[in-house]
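Next comes just one chain, in structure tokens: the form predicted alone.
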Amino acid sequence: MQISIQIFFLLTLFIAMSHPVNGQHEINYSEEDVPAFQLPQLLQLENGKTVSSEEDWIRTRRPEILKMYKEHVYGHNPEVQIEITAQLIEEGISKAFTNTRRKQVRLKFENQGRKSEALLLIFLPLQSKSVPIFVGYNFYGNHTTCDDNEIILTSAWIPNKPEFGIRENKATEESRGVRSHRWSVQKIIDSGFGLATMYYGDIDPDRNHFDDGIHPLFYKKGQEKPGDNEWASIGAWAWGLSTALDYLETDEALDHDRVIVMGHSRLGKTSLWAGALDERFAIVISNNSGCGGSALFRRKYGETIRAINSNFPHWFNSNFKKFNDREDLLPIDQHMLIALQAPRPVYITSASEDLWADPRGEYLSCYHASDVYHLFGRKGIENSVFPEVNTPIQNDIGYHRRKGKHDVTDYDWQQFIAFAKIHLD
């Protein structure tokens, strides 16, 4: 009996180790255990010919790569057209910042009796014209970005965060300004830029079902969720950024040719996909985006395809799950996503303690994307050697690895602003 109990215990332990919780399967944090891999050819057409010119890239190779991402990772956007209206519902002088005016816009979406809406918050320097502007999502509502009582609370579902005062999945007065450290609004304004932000849950609440947010407005009769190769949450969030840009292009105070899309973490994945789909974004910034963002899948370091699909099955299309533990079968890797931004400037960032996001893999994606930038006579990341922390590279492909954890800091914003000034002036 004692032997049987021991065997049962060992068998149970083996099964537990072989079937990890929350998709964290054989997570690797050792460079020695990164497998040998070969990246898909960036400058080789599907017919085997080599891309040798800007025209080859723009007309043929870029569409090929974009199609593969739509089919295997982020999904195809639906072709259905919906009614979109924008209403300026509040504007005034911000009491939270100096030399700053505030606008709040309600974006309304409607199709076949279904409705949804999102709130766009805009900060602009006073008495300025043709202002370049950063646009990006926030995680817990516009009101969390600064302590300003005039900012309207979202009515959308929000993940509970008791330490932020968010309970019962609702925005509260208590949560005003709780994420202000991530938004260097005064620095942005003083540098001559504007900032537009929107709660990403207004577009699609970050939970594993598709009966709320924007998705149902695009369904065909009888449809209850996106098809296997259709957009999921990241695709919807990217669509929302382009919709925000549609409105920003109507604002005469802004320079419509100098709109910079920025995102952090899952929203850094989103900013890269938005930039790939919508070339109106003049600069694309992706902060700590890791797996499914700027990090190479094939390194299998930190978060993997299996882990991200297990923990967040709603982010990517269903086809992406076919590549759990099968990264080498993907016809693309994330250096190709960065290359889709070319010839526009793109800035990728990492954090030294954010191993889950694979900082080295993020940097190598930049390095391997550089050949496309060279086609346009632009300068990418020219050295494969991993740079030291807090040493920004500000080429047409820019990069820095900041000291610290997974976050957006004042240091990051300082580099974003510097990068934008270099490439937009």
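Being a predicted model, the structure only gives us computed values, none of them experimental. The first residue of the shown sequence is 1; numbering continues from there.
This next part talks about the form predicted together with a small molecule, which is not shown.
Residue Phe139 is the only one of Phe134, Phe139, Phe109, Phe323 with a heavy atom lying within 4.5 Å of the small molecule in the predicted bound form. Exactly one listed residue, out of Thr243, Ser265, Ser184, Ser175, brings a non-hydrogen atom to within 4.5 Å of the small molecule in the predicted bound form: Ser265. Interface residue remark: Lys403 is not counted as part of the site for the small molecule in the predicted bound form, having no heavy atom within 4.5 Å. When contacts are judged by a 4.5 Å heavy atom cut-off, Glu303 counts as touching the small molecule in the predicted bound form. Contact annotation for Ile308: at least one heavy atom lies within 4.5 Å of the small molecule in the predicted bound form.
In the predicted bound form, the small molecule sits within 4.5 Å of a heavy atom belonging to Trp356. Proximity to the small molecule in the predicted bound form holds for none of Tyr367, His368 and Tyr399, with the criterion being a heavy atom within 4.5 Å. Comment: 309-317 is the region of 160-168, 309-317, 95-103, 277-285 lying near the small molecule in the predicted bound form, near meaning a non-hydrogen atom within 4.5 Å.
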